[in-house]
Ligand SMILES: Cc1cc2nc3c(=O)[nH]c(=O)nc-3n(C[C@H](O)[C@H](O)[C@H](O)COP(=O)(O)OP(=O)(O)OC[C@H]3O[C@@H](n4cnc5c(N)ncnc54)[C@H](O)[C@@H]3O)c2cc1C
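First, one chain by itself: the form predicted on its own, in structure tokens.
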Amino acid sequence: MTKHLRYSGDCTLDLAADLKPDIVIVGSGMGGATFASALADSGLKILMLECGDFLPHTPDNRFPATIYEEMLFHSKTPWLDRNGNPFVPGNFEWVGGNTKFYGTVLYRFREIDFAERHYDEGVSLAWPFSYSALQPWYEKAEILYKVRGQEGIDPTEPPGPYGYRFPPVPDEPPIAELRRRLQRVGVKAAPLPMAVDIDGWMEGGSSPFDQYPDSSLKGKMEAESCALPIAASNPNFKLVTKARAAAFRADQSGRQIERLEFDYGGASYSVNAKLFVLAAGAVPSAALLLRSGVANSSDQVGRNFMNHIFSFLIAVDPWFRNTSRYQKTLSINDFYFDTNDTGKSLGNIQLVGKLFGETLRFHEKRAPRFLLNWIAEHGVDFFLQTEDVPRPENRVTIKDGLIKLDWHRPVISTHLTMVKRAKRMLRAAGFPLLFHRLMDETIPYHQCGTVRMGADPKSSVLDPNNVSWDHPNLMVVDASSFVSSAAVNPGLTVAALALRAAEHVRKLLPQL
């Protein structure tokens, strides 16, 4: 088996050939790889710099201890929390980025997510365009990532057409029983839209999708397995691994980005290009711009950090046996709109990948082993997420050379209402024992909003096409560009925005 599997090119830097491309892309995750794939037929010379390497193909990739205890695959560089304490962030530096470890859920934002929304926590701002502007790109992204789904079941489903070419991942028997129970109490349980070949995934081991990487590239449909092979079909595309972007440098006018400085093999280099595309992830992208001192005339770079407010809820019925291995096929959006019985827009409920007793032990070290095994055997595991609203004081800064994340949630009443409503629903469905855990602020996932787009350069960093207001040859195509977090998984919206931005580049490049 080759090391690269689906990218067979030479990933080392060639000083003579690689440093004068048309486009430089920083990051090989959902945004960067999708953007590059959309320009595969352009003939443009594209250099992609990835700070990580290819994920090794070893059995350790499916061991819970590797994932949850050793945190082997997480970024090795700590961040600082708002009190200045170091912590391990929920970020991954590998070819394919965070998609290597995502749970494969690729949701469209709902139509209302693009409008201004009001919560007890504050105001979720309107995007500079409506859902309809992104709909065609959602469809293309679903096709690119081979999303499995079914239209017409989810009550919040926005207008199509959809790019579903495959049926939903099938329920395992215990989840089919759960679905029947929910339907009996009036819940419109819908299949999750997922980018996974379930047979290919299970070939690599019997495990859930969340946090477990797919080094075989047979199961998860992610940036390395789907987008990079298309990008590499362009003979002028080059991926260089273990190359860490250090700073963008503007020209004397300050208007154009002239070069990108990066570290590779213990030395520093710089590369010139017509266009620079940043897709390192919401926090790293903001940090790179701050270190560079560019694109920040609005003073908004790093501000407005958002991250979904998460809970895990395990519903237990002593007479129910959960023999599932992957479990994650069901979603509930009955509380997404304000038409539910609380009168408030709450958020999304979905199954999380199956939690086993040995997994729970990494989080509940004081609980007896037999009890955790019993809970896992008789329980179903839910993931509850509600929207985080943008606040300028929730921000990324640089302190002593490290990323500092000031993130605080002073009010979470919307989320707590969601938890109460979910508990009532599950008790009605026959699960009398409920174990709830709110995820705190130390492990941020679904990060977004730090380099947001908008219609006004005074209050945003990017224009509606993901182009920097300050530098017309700088684009940002990851979740940092989000105006709001919505309350569904962000991956598909990142991909759709990247495809849309790539189409804009076809018009933009002749002007640069």
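When you see a residue number, it is the position in the sequence shown, counting from 1. In this text the structure is predicted, and so the values were computed from the model without any measurement.
Keep in mind that the form predicted together with the named molecule is not shown, yet the notes after this line are about it.
Candidate stretches 227-235, 94-102, 371-379, 249-257 - the one whose heavy atoms come within 4.5 Å of the named molecule in the model of the complex = The contacting stretch here is 94-102.
Between the options A429, L290, L360, A243, which residue brings a heavy atom to within 4.5 Å of the named molecule in the model of the complex?
-> Answer to the contact question: A243.
Heavy atom within 4.5 Å of the named molecule in the model of the complex: which of L49, V483, L474, L462?
-> Only one option qualifies, and that one is L49.
Examine P284 and determine whether its closest non-hydrogen atom to the named molecule in the model of the complex is within 4.5 angstroms.
-> Yes, contact at 4.5 Å.
Is N394 close enough to touch the named molecule in the model of the complex, meaning at least one heavy atom pair within 4.5 Å?
-> Outside the cut-off, so no.
Hey, in the model of the complex, is S28 touching the named molecule, heavy atoms inside 4.5 Å?
-> Contact check for S28: yes, within 4.5 Å of the named molecule in the model of the complex.
So in the model of the complex, does Q211 come within 4.5 Å of the named molecule, heavy atom to heavy atom?
-> Flag for Q211 set to yes.
Within 383-408, the residues that have a heavy atom no more than 4.5 Å from the named molecule in the model of the complex | Residues within 4.5 Å: none in this stretch.
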